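Let's start with one chain on its own, the form predicted on its own, as C-alpha cells.
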Amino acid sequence: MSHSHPHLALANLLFPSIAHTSESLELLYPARSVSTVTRFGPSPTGFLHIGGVYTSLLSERIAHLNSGIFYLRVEDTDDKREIENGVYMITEGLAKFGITIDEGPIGKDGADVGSYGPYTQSKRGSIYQTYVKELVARGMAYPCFLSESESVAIREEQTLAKQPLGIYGSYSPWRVATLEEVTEALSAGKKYVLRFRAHGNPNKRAKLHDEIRGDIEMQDNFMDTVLLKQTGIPTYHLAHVVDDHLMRTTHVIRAEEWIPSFALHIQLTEALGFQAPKYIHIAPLLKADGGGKRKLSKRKDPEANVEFFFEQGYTVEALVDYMLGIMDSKYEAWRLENPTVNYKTYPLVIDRLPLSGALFDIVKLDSIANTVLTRLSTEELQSQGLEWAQKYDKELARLMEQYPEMTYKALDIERHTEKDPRRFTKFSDLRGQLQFFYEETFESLKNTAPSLPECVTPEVQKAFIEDYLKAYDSTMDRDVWFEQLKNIAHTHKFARTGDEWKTGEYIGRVGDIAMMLRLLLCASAKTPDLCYTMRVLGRETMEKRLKR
C-alpha cells in the first residue's frame, strides 16, 4: 500500500460526495482573453470605508486602462459580522463614485453579472471543499479535533517555552494522526477544522515579490493554518487564493496589512498548483492622532465612512481627484494642466504608488473641492446643490425651490470674477451663504446675531439709515457704491481712512457702519460682498430690515 492511500481514504471519508474535481473546475472557469483582471473583495459587515473606495478605484483604473476587467467579489465568510443590505451599500457607494464594475452581484436585486460566479463566497462552498479534499488526498491538509481547552494548554506551553504561538509541527497532535484515530474521533462526534499541513521551515526565509515593493524577505510560513472552519466555511486564506485563480485575477491589490500572510498565501497557491497573480500591497490611509499617525478607524473616525463626505456635500470629482493624487505623485500637476478633462484619461502608473501611508488631509481635500465647485457654472451649482439639499437639508431644499430666482442671484455673487471669494467648498456651505436671503431663516438668525459695534448708538443708527436709504441706488457700480457709503458715514462722524481715524475727531470707522448694515440686513458678521448682497435682497427687503 503506497503512502498516499491513507490520505486518499481520509479524503473520501471527510468528503464523500463532492461534485467537482479541480479539472472540472478549470473547464468551468477557463482562461480569460484579457491581460488584466482586478477585483475588489469587500466584506458586507458595515458601511463602505473610504479605504475600500480608494482600493476599488485603484483596481478599476488598473484594469480599464489596460482594456481589462474589474469585478466585485463579496467575501462574506465572516457570517457573524454580516449586516443586512451590506452588499447593496457597497455597490451603491461605488456607483456614486462612478466606479464601473464589469462583473459581480450587480444585476437587479443583486443578481450575478458575468460568467465566473457565483461572486459571493458563501455560495461557493462546494468549490472550496473540492480543493481541500484534493489537498487531504495528497497529504497537504488534515482534520484537527483540538478542543478549545487543548488549544489554550498548547498556547500556555508555547509561552513558557518561548516558542511562536500557533498550531504547527509537534504542537499539532492531529498532524500525524492515523486514519483509525481520525475515524474514531469522527464516530465520537468530535468537531474539527481542516488545517493546511505547512511544509515551511521556521529557520528559512521566503523571498516574495510585490509589484511596488520589489522582493520582500520574511520568515517562511510554518503554521498549520485553518482552511475550513467547523461549519465548513472557508477562511479568507483559502477562499481568496481559490477565487483569484478561478476568476483569473491577474493583479491582487490589497492592504499592506496582508503582507505577514503573504508567505502562507504563496505556499497555498503552490500547493494547489496555481500560478500566482501579481500582488500589490498598498499603504493605508492614515489620520493624525496625538502627535503620531494611525489607520482610519471605522469605530473612531466619521470620515472613514464614505457617507460622511456625501452628507458634507463633497463632490465625487473632488474625492476622486484627491485619491488619485495620493496614488500617483504626477496626477496633481496633470490636473492643473487639464482642469476639465475626465480623470479616466489619466495614465495611472503602478510604479508610482506610495510605499508609506498617506495622511488623510481634509485641508488638501477642501482645496481640491473648492476648485471643483468654483469651476461649476452658477446654474450647475444651483441644480447640484438643490439635489444635495433634497437628501441632506430638506428645509434648505424647500426654500431653494420656493425662491429659485433669488437663490440663483445669491449664489452668483462675485462668481468667476477677479474678486471671486471662492465661497463654496462643499454643498453644505450653501446654507451659510443663502440663509440671509430667505425671510424664514433670516428670522431665526436674528436670535443669535452679534451685537452692533458700540459706537453705533440707536440714535446714530436711525440717522444714518435715514440718510443712506435716500441716497442708495442699486444700479451703482461697486466702487461708486463704496465711495458713497464712506462719504455718508463721514457726515455721521465715521472716519473714511486710517489717517482720519488717527485725528481722534471721529466716533468710529467706516468699517463699523458696514458691519452695522451687515448685521441688520443679514444677522451675521460673515456674508457675501455687501454691495451685491443688498442688490439681491432688493430695496423693499432692505428698508424692512433696516427700519425695524
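Keep in mind that what you see is a predicted model, and the values were worked out from it rather than measured. Numbering starts at 1 and runs along the sequence shown.
Not pictured, yet referred to below: the form predicted in complex with a small molecule.
Site annotation in the model of the complex: the residue of 253, 228, 198, 411 reaching within 4.5 Å of the small molecule with a heavy atom is 253. A heavy atom within 4.5 Å of the small molecule in the model of the complex is found for exactly one of 75, 220, 102, 311: 75. Look at 475 to 483, 39 to 47, 23 to 31, 495 to 503: in the model of the complex, residues with non-hydrogen atoms within 4.5 angstroms of the small molecule sit in 39 to 47. In the model of the complex, the small molecule sits within 4.5 Å of a heavy atom of residue 257. By the criterion of a heavy atom within 4.5 Å, residue 236 is counted among the residues contacting the small molecule in the model of the complex.
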